[in-house]
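Single chain ahead, by itself, as structure tokens, in the form predicted alone.
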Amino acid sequence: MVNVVWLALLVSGIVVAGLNGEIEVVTKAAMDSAQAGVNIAIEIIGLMALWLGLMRIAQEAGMINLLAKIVRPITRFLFPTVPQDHPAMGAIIMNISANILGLGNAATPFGLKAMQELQKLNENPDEASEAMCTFLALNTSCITLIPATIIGIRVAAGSSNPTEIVGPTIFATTTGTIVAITADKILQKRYRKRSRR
């Protein structure tokens, strides 16, 4: 569906530019956007290397384990069907920790590993388990305390105050997480009631 939306936007832009006799604007915009994308990607490599390095140092220093201990009571509530010593729980905690620090790229491998491990616990492999749905909701909407990637993009784009988004990011992601977890728990209860009938 998203591909259809992007295709519709692209085609409509080309048609409107053609009708206005300014088709060269489309070519110039495409080239400028491609150049800007490459510049931002190259500039953000350094920032990502810095944050991933700090994440590795934090992991070696035991800070990730400390964060994991802080998060563990929450994971027990959110994932009651997953044993606390199962590899899925470790991957979930690492994913949440990386997301909290705004390192979406670092969180992705942990998220994939968590889903693989949760699938091993899934009694019905053709259908997502409650734990998988909860994890997806949490991963998608996770609270972010330090939006490192966004700050890096803002620095690369020449923002005069790239960190001004920290407060709004914390508010928005906290609200999103609360809504996602609440919706997940409500839908779980409805699904259980419907499956009992």
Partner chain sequence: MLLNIISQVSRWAIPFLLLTIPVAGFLRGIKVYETFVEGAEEGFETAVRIIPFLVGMLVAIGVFRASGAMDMFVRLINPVMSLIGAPGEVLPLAVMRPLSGGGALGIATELIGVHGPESFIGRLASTMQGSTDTTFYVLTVYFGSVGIRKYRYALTLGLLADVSGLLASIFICNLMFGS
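Each form is matched to the other, and the largest set of C-alpha atoms that superpose within 1.5 Å is called the rigid core. Predicted, not measured: the structure shown is a model, and the values here were computed from it. Positions refer to the first chain, counted from 1.
Below, we turn to the form predicted together with its partner chain, even though it does not appear here.
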query	finding
Partner contact for residue 112 in the predicted bound form: its partner chain, 4.5 angstroms, heavy atom	yes
Non-hydrogen atom contact residue 85 with its partner chain in the predicted bound form at 4.5 angstroms	no
Non-hydrogen atom contact residue 116 with its partner chain in the predicted bound form at 4.5 angstroms	yes
Any non-hydrogen atom of residue 67 within 4.5 angstroms of its partner chain in the predicted bound form	no
Sequence-ordered list of residues in 159 to 185 near its partner chain in the predicted bound form, where near means a heavy atom within 4.5 Å	159, 160, 161, 162, 163, 164, 165, 166, 168, 169, 171, 172, 173, 175, 176, 179, 180, 183, 184
Residue 140 C-alpha shift between the shown form and the other one of 2 Å or more, rigid core reference	no
Is_shifted residue 181 between the shown form and the other one (CA, 2 Å cut-off, rigid core)	no
Direction of C-alpha distance change in the predicted bound form, residue 39 to residue 140 (at least 3 Å)	closer
Closer or farther in the predicted bound form, the Cα atoms of residue 37 and residue 140, when the shift from this form is 3 Å or more	closer
